[in-house]
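Only one chain is included here, represented as structure tokens and corresponding to the form predicted on its own.
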Amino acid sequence: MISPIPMPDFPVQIIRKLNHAGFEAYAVGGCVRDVLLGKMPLDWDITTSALPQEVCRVFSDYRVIETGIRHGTVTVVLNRQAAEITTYRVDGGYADSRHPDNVTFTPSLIEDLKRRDFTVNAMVWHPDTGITDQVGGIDDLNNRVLRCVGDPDRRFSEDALRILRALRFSSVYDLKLELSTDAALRRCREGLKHISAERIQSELFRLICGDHADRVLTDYPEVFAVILPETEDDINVKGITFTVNALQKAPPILPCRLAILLGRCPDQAETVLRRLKADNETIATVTALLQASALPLSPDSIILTHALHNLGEERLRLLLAVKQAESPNQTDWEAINKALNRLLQGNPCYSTAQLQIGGKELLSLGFRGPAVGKGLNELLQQVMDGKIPNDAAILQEVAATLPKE
């Protein structure tokens, strides 16, 4: 069931250095979970009995960033890798439903583990003793179960973002929520209204790119109605089956999946993405895909050349992926993809930059002002329509017949 990979040297170096200074230290949380799942972690978290100032002293010869020193966390950069090192602690209340109002440092590893969100994230590892699991995380990971540590209502009330984190873990790691965790998550969902858009976005975007996003969207419509109120009617009634089926067929590329998720409310897509603080490139790509959804597409080279002109190659390929995911007839879209590949092998002309003449040549023919751009666009249209070849001499002849003012 669990196929762990060897722990790399980086966390071992951090742990050993703290141990040699007289402190306890363990890798903890998601990095341990990922190693147990056979995945190389992207982030490393270390929990230690050392106080923040003591951690800074131990690593005084390295770059130390006081990331969240008030809550006991500092970041240490070693050999171009970073680890967040946090002192064993007990959290106080969570007035903002996100951050503890205060923390109390504790000498007890067990007390530190009790404050964590889910059992699969509350295991620690040491190079000498291996995994320490006080909360049943290994059994839950083997059984593909996601369970809160302690009282689930308290965990979700402390930090409502854990609701989306739970659904993201379910989507990405194929974990089913344990019954009391599931019920508490639904009860506490309104707490998501107090979470910043940036944090909602980070979890939501990773969630919808998970291998099991279809199941999560289907099982928790009331949660998504809180964070995506613009799509509430669609999620709860008419669109969910169509949306999740298409979502699961699409490649796990964010603009593709967002275009499918927001495809039944395209007029509001940009508003939703801006509210979620998505980056400009993602917003532009998703809105372009939705606007182009009505484009006629076929294996015809002229139609594909015009589509390349409107979208560019990258966005056209994303659009084809969306269309293929949404279509019951896969053969048609496979034929279009093959036709596009053949077309691109021939270096088609679909932008004015690819024309064999440019503005300089039109100026020499007497074109002035806006007529230069209009002339180039007219030449491009004729080339894309197959009326004339992209040949400099022929383009000059045709240009000579066009309006120059």
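Note that the structure is predicted; figures quoted are calculated from it, not measured. Throughout, we count residues from 1 along the sequence that is shown.
There is another form of the same protein, the form predicted in complex with ligand ATP; it is not shown, and what comes next is about it.
Checked against ligand ATP in the model of the complex, the residues 230, 159, 133, 178 give one hit for a heavy atom within 4.5 Å, which is 159. Though ligand ATP is absent from this view, in the model of the complex it lies within 4.5 Å of a heavy atom of just one residue from 125, 205, 333, 173, which is 173. Site residues 33, 115 and 165 are all in contact with ligand ATP in the model of the complex, judged by any heavy atom within 4.5 Å. In summary, the region of this chain contacting ligand ATP in the model of the complex, judged by heavy atoms within 4.5 Å and restricted to 60-68, 373-381, 346-354, 43-51, corresponds to 43-51. Using a 4.5 angstroms threshold between heavy atoms, residue 220 stays clear of ligand ATP in the model of the complex. Residue 121 belongs to the set of residues with a heavy atom inside 4.5 Å of ligand ATP in the model of the complex.
Residue 224 falls outside the set of residues with a heavy atom inside 4.5 Å of ligand ATP in the model of the complex.
Proximity of residue 88 to ligand ATP in the model of the complex falls outside the 4.5 Å heavy atom cutoff.
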